[in-house]
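The chain that follows stands alone, in the form predicted alone, written as structure tokens.
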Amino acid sequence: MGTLRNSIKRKVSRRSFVAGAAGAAVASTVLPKAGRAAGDLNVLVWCDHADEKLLAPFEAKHNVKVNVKTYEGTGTALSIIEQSAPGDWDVLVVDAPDTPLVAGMGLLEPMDEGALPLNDLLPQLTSAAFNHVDGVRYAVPEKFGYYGVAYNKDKVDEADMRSAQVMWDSKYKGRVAIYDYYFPAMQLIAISMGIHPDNISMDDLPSIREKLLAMKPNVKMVGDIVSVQNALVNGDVDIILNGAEFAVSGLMPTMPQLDWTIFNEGGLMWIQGLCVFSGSNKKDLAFDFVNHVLSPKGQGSLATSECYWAMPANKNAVLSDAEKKILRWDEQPAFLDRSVPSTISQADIDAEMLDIWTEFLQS
């Protein structure tokens, strides 16, 4: 497990920064307790699952207590699991592309697709290859979003924000913050060049490197979500690249000058999935929890979590008109049509991408 954990841990997690930005109070840590009560369910999740508005209805319906431990990044989750006893955990939230890796370790319970509301979920998510291993489903998508651009619409030309070329537009020299995550940044550049992220090869990396370094004059700062959010809010920058709904939508109810979108050239999606641990002693209750989160009301609560907002996987999610407007709900069909999931590159390509990103940071 250690080798796999280390390889996954190299990818900095979007959640680690989002949780730091908004989830400190919400994302409480509750460890499994020896001899826990029969009515407990232990879930290893991200901070957006810790909201009472999501948990309380499930706890009341089933007369149980949901014990929540939040984490950031699959590598961290594997470290926690490695230090836990079998049966300690019941439900896991995972960065969906990591599902085959975690399932390959024997940690996940196969899912009965007939017992899941798959017809209510967006097919672009449920059909993603990483949900299955050898034809068996081990994860179901529950929330997703985009890597694109967030901005202050009072300070920019909004039409410019729809094009990936904004990354190099000299009009925005020194006005851009970029979220410090090499993986989507370089995949977005690839998309702007007409290269599908799945097809990035070692031969493509020199041209991607050239485009990345050419972006640097526009970049005033590179930082975590806390830093880039603050810079945008304080007016130090007008644009966040690598950011989208997860960076600003939770702020927009009180800061309507903020907004986000994806590029016309194509969008890059992150997807999070729900899984049940194969070692859980409460699989029926665990699957009830999965279905609660996937329900229209559960999806509305998850999408608008205090920790961070993002897109619900359920087409029937209960959202107010104001929430739908912030999440650009009416644009989702078009966004999804031109978007692809972020993917895990082969080890040699991933290592070279990280080296190029380091050069960019130091340039």
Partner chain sequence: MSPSSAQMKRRAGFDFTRWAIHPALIFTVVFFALPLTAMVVVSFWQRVYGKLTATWTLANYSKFFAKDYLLDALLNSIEVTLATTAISILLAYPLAYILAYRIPAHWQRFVLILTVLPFWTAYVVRSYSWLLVISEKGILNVMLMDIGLINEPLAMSYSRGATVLGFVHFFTMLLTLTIYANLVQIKSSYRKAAADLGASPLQVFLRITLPLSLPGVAVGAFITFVICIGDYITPQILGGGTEVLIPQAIMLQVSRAANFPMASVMSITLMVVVVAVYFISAKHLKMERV
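Note that the structure is predicted; figures quoted are calculated from it, not measured. Numbering follows the first chain given and starts at 1.
The same protein also exists as the form predicted together with its partner chain; that form is not shown, yet it is the one meant from here on.
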_Just to confirm, with a 4.5 Å cut-off on non-hydrogen atoms, which of Met111, Val219, Leu285, Met252 contacts its partner chain in the predicted complex?_
Val219
*Let me know the one among Glu158, Glu210, Asp236, Glu265 whose heavy atoms come within 4.5 Å of its partner chain in the predicted complex, would you?*
Asp236
*With a 4.5 Å heavy atom cut-off, would you call Tyr181 a contact of its partner chain in the predicted complex?*
yes
*asked:* Although the partner isn't part of this model, could you tell me whether Leu354 comes within 4.5 Å of its partner chain in the predicted complex, counting any heavy atom of the residue?
replied: yes
*Partner contact for Val133 in the predicted complex: its partner chain, 4.5 angstroms, heavy atom*: no
*Is there a heavy atom of Met105 no more than 4.5 Å from a heavy atom of its partner chain in the predicted complex?*
no
_Since the partner isn't included here, can you check whether its partner chain sits close to all of Arg175, Asp348 and Thr358 in the predicted complex (heavy atom within 4.5 Å for each)?_
yes
_Tell me which stretch of 122-130, 78-86, 189-197, 219-227 has a heavy atom within 4.5 angstroms of its partner chain in the predicted complex._
219-227
